[in-house]
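Here you get one chain, nothing else, as structure tokens; it is the form predicted on its own.
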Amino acid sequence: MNSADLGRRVGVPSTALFTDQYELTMVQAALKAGTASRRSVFEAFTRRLPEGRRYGVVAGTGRVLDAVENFHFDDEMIGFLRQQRVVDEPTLQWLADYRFSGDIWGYPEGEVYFPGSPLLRVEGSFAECVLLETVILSILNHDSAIAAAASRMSAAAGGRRLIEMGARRTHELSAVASARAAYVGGFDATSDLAAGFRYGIPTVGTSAHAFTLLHDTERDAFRAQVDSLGRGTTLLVDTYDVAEAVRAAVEIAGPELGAVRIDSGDLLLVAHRVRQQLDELGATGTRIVVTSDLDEYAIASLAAAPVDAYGVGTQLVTGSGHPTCSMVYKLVARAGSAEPDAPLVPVAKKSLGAKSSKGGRKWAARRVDEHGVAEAEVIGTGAVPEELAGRELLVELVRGGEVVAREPLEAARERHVSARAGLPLSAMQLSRGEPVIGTEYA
């Protein structure tokens, strides 16, 4: 069963200290000023996509829900804050009782987004909402960056199998989150067992060059692996001489050999030679897996090669050059007083540069053309225009502090396939370009 079904929390006692100090000091000042309980609306969005990207991918929503649910200050944390004199005693007492009790709406996980898209809308008192800024952004910025890279690689792979192999290239916990985000973005499996355990992602793995070097001969290594793991295993054939290794692999495993992996050299040339050799040896069903610092461009360059699967590590877990999405979390509306029925007032930062924002509690909808292809991201406040009814993008995630939209990871993965298919074909181009559809404000 997927951990999304189980509601398994993150592997830490609490997420409450995954935050910046100024969020707590703002709460202290707001409590003293009497404004902490004012009803407020915060939104997470990005002002621009990473340079050259044509669409973004929402990922990490399920992890955000876990983080919000697990955001509480235990006695040890309160003791730390007291010892460090981060905030005063009345604020510590308020924090000790903290549980988010507001509402959260957002783009469902796997959906695509564009500049200005209100990806997450958090509503409640000012104090309870402002505390969540850093943990929400740290998850969405990281996971969405990985998912966007994975989506581009998935498009470039053209249906061929993709394996996430980046655990050794990043922090051990971000490796698990990266595998999850990659799965949402279109990858099929991961080498990371923690990701398999926590999220139910299929796991794969056979051997490294060290296993071959351990044995006196390459044939001894192959024989040991086949004897242990069966003929369907994947043998690594580029430790010494590729042609000799392929010949030995088929002799030992027979034509039932599952796959061979190539991890170095001119992958396009070597893949063609290996495919020809396998076929000549009768191993027509043996698959070819390639690895070696792949990104979406390298994958696309191998489109004409007889490759069955790609293993991707470094470039995937670093967002293929864009490790963050530059998302921000801004107050966009707040009540004029602490009265429960006080009307919301739109608020926004004014800036001479590129950091201005638009105030108001927003909705978003995607307008499509007569063929059902997306043509604009429409964002507005107030009532949704009749012609966009049924095209709204935000869904309810948390109601009154209770998670109401936890879902299996497979649902987010399938949603992304559908969302990407609804974009213009130019979205799949790897060349640099502007967002594939524009953002309009109603």
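Just so you know, these numbers come straight off a predicted model, no measurement behind them. Quick note: we count residues from 1 along the sequence shown, nothing fancier.
The following text describes the form predicted together with a further copy of the same chain, which does not appear among the structures shown.
- Look at 367-375, 220-228, 249-257, 115-123: in the predicted complex, residues with non-hydrogen atoms within 4.5 angstroms of a further copy of the same chain sit in 220-228.
- Taken together, 309, 379 and 431 are entirely out of contact with a further copy of the same chain in the predicted complex: none brings a heavy atom within 4.5 Å.
- Here is the short version: of 280, 244, 339, 76, the single residue with a heavy atom within 4.5 Å of a further copy of the same chain in the predicted complex is 76.
- Residue 192 is the only one of 296, 111, 192, 128 with a heavy atom lying within 4.5 Å of a further copy of the same chain in the predicted complex.
- Residue contact with a further copy of the same chain in the predicted complex: residue 360 places no heavy atom within 4.5 Å of it.
- Among heavy atoms of residue 94, none comes within 4.5 Å of a further copy of the same chain in the predicted complex.
- Interface residue remark: residue 188 is not counted as part of the site for a further copy of the same chain in the predicted complex, having no heavy atom within 4.5 Å.
- When a further copy of the same chain is considered in the predicted complex, residue 29 lines it closely, a heavy atom lying within 4.5 Å.
- In sequence order, 197, 203, 204, 205, 206, 207, 208, 209, 210, 211, 213, 214, 215, 216 are the residues of 197-218 having a heavy atom within 4.5 Å of a further copy of the same chain in the predicted complex; the partner itself is omitted from this view.
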